[in-house]
Each structure stands twice: as C-alpha cells, then as structure tokens.
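The chain that follows stands alone, in the form predicted alone, written as structure tokens.
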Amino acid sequence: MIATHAESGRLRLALPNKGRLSQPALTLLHEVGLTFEEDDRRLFAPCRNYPLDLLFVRADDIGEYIQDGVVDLGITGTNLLREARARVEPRLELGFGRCRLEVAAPQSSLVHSVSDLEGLVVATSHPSLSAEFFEARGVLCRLIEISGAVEVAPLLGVADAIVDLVASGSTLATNALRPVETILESQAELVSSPALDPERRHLADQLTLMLDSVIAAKHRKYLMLNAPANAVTRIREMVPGMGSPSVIPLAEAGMVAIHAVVDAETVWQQLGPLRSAGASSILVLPIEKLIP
C-alpha cells in the first residue's frame, strides 16, 4: 500500500512550473545542496538527500495548494499570495523576482495621480488587490480584468489606465505609459501552511535555515589580509562586518592576519584604502553558506 502525503514523513514543496520565478527557485535549491532530477515535463520530483518532494504547478495556484493542505510549503510571488488572499505563513523573502504592482497611465493622458482615475476604466490582472487599493483611496473607477499583456489596454482604447507588474519600467516606456503610484512591492517568498504538525514544522524550519544561509551568503564576502599589528584598529574601522574580525598573530613579528565577513557590495571600494593602511596579501572570497 502506497503511503499518502500525510503518512510519508516527507515535506512537499510547490514550485512555479514556468515563468520568471521558476529557474531562480530551482537554482536556489541546487545551491542549498538538494539533489533532484530536472525535466521540463516533470510534475513531481523527490529530493534524494532530504525528505522533500517537489511539485511543479502554476505560480498562481501555490497559495491555494498550501492552504488546502495539498503541499506544506511553496515558493511564489508576494503579489500572487496577496491577490489570492491565501492563508499562509510567511517564512523567508528570497531576493529574486523583484517587481512592483504599479498604477500606470498613458504619457499623453491627464492622469497624474490616483484621484484622477475617478470614473475612468482601469485594466489589471490583479483585480482583488486593485479593488482593495482604490477602495482604500476612495476612488470609484471601473476595473476590467485582463490576463496577458495588460499594458496594451490603453493603446487599444479599452482602458484609461492599468495596474500591472513592473520590474525595470522598460515595458511601460515601450508602450508610452508612465508610473502613477506603487501599490505593492513584490518578490519571491517561501511560505508554508500554518497548520504543520510538529514533525513537518521541524523539517520546514531546517529547510528555511538552509535556504536562508545561501541567501545571506550572497550578500557577504570573506576578507583575508595581512597587516601590521599597529594598523588593526584602523582597519577594523574601514571594514565593518559581522561581529568582530579574527586577528591572528603571524610568524613575522609585529604582523597579524585579519579575517572578516564583510558586505559584498562595498568591499571593493575598500581595497585601495586597505592597501594604504598597510594591508597586504588581500584575498576576497565567495561564501557558499552563512548562518549569522
């Protein structure tokens, strides 16, 4: 007799089967160290080195699958969870798939603020979030739901403005639209069922920690350098990082090695000043995983 999901003792994680979140989600799982088979036609993949099964579904459906108990966890966009009003437990912001749900209007229109949309027609693929936003603003407009290329609605004359996802803003510019106001900032999130039993919650907590360690490592570098002992105080001020750096005496009298975890975005700006402060043999290394 085949064990059901509830009886198997394995977690089930829903992933987008296509779209802009799909490949980054798979890449993140591989970076964690999980091993599983990838196939464009595959709907289900068990991990070989963790009690976790992957289910590939539409990103829009993931919130509903979690709240219905079909899966334990999911990776999908903030906008989709909020649009579906899914009852899920937020666990971790994953840092990819960043975008904004934006009110936008034609560059040639007289719409310059949300209040200017009173009595007008707005096209959107996010009707629930849009209705909630305009209701909170006290703006009465008519919403029409469009799936697909929402940005063409004003060009076709079916809407006066749109509410749509914007990443770089290039699509708005291409279609002669300009942003009016941001409704929601969105990115990929790891979420889970709020009703996990203790065993599954423990496994989910472990998986969350594994993912978080990889995400944290992306924003940090491991800095190693040699320096005169009398320069340690100055160098510590120049490279603030996580906690106190390690200072290790070297065989050469008066010299030390300094090891520190530092911010990845700013460390490159410090290399010249570090040399000027007496640092030598400077190494900047990637970090695979980091648990603060």
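No experiment lies behind these values; they were computed from the predicted model shown. In case it trips you up, residue 1 is the first one in the sequence shown, and so on.
What comes next is about the form predicted together with adenosine monophosphate, which is not displayed.
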- Option from 74-82, 176-184, 116-124, 136-144 whose residues, in the predicted bound form, bring a heavy atom within 4.5 Å of adenosine monophosphate: 74-82
- Query: in the predicted bound form, do G63, R91 and L190 all put a heavy atom within 4.5 Å of adenosine monophosphate?
  - Reply: no
- Quick one: from A86, A216, L203, L165, grab the residue that has a heavy atom within 4.5 Å of adenosine monophosphate in the predicted bound form. L165
- Task: Mark K18 yes when one of its heavy atoms lies within 4.5 Å of a heavy atom of adenosine monophosphate in the predicted bound form, and no otherwise.
- Result: yes
- Taking the shortest heavy atom distance, is H112 within 4.5 Å of adenosine monophosphate in the predicted bound form? no
- Does the 4.5 Å heavy atom contact test between P154 and adenosine monophosphate in the predicted bound form come out positive? no
- Item | Heavy atom of L211 within 4.5 Å of adenosine monophosphate in the predicted bound form | no
- Note on the structure: Residues in 98-120 that come within 4.5 Å of adenosine monophosphate in the predicted bound form by at least one heavy atom, in order, are R98, C99
